[in-house]
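In the block that follows, a single chain appears as structure tokens, in the form predicted alone.
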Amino acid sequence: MNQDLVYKVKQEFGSQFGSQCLLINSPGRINLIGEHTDYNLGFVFPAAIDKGIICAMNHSNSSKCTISALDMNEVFELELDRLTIGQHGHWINYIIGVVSEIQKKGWQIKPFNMVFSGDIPKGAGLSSSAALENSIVFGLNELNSLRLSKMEMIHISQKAEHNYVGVKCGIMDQYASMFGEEDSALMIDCASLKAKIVKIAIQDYDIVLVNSNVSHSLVDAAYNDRRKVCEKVANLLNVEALRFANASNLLKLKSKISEEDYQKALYIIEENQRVIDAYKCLDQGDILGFGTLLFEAHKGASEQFCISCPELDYLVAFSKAHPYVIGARMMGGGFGGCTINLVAKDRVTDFIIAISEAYHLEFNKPCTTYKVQLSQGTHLIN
């Protein structure tokens, strides 16, 4: 947790509103493996990280809510009985969405004030949106004694993104941000929403994220397009979702769909199995086998599901060429954002220098690197 960020948010809330506040830490997430499998009711393997949203909240003394986003230097006022969606893509829609979804359930919310800031790199695919949504629903639950379970909260966060942001996301991001545990990942079955907590013992390696600094501005439309393809193929296979399909069944359908759709569906089936295999590798301490699966996952995401970009492909190829990196892949919805890399601890500095120099030389722009630790999910700060 970024203590400087906690102090800044707390001080700003006191300065603006002159009162005590609830402080909430809501983390971003990484996904070790399993992209686009969540809305196909498959398996994913995410973890909360030590970068996130710090949110301060308390009741308002007026009939309006005042929300202050420190990083954007923006302040919005809301009236709870007259909520309207803001400009497309604006952060206020996440907050309006959460509030509206709570109200749809019939729960009463009192006017509140809120200040938030974060240290999740913008556009890195670390799910700052889920972290923000979870911080709001968690805080409002505490302030208004709603007694929502964590599972109820993440569904509210997900519906806010569906109905007020326009991204038909699965549940993984909100789940990992809310339920994460320190030094652990969550093997989530997205059909049952049951999870196994897996201690991640990779003592000789660090998780290093490399942000391509390519904005994935097209991801919303492309994400929804991929989802439609998956749903169409699942329907043709007469299964609820591609989680319940296999490669043999899909092959029988090949002549009835385009090659592009066939490859996208095959990727989901294969990626789902990779998540299961990754769990087995980590459970057995086979770190090298786990790393190999990361490289395979990137190849599928790039060549079959077509959600990579030249910059991400370059970063993964660079990592694969260096023996002290045992696994790497693009992470997130695609078309930009980060790669996740498993790098030998004693070579992390060398890796960061080398990949930064090579990337700048290749694309004439910088990449950004981060070491991350696996962290606790959304919680109150004492």
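Counting begins at 1, following the sequence as shown. Source: prediction; values computed, not measured.
Omitted here: the form predicted in complex with a small molecule. The next part is about that form.
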### Query
Using a 4.5 Å heavy atom cut-off, which stretch among 51-59, 311-319, 335-343, 27-35 contacts the small molecule in the model of the complex?
27-35
### Query
Which residue, 300, 121, 289, 170, has a heavy atom that falls within 4.5 Å of the small molecule in the model of the complex?
170
### Message
I need to confirm a contact call. Of 179, 223, 107, 205, which residue comes within 4.5 Å of the small molecule in the model of the complex, counting heavy atoms only?
### Response
223
### Message
Would you classify residue 39 as touching the small molecule in the model of the complex, given a 4.5 Å non-hydrogen atom cut-off?
### Response
yes
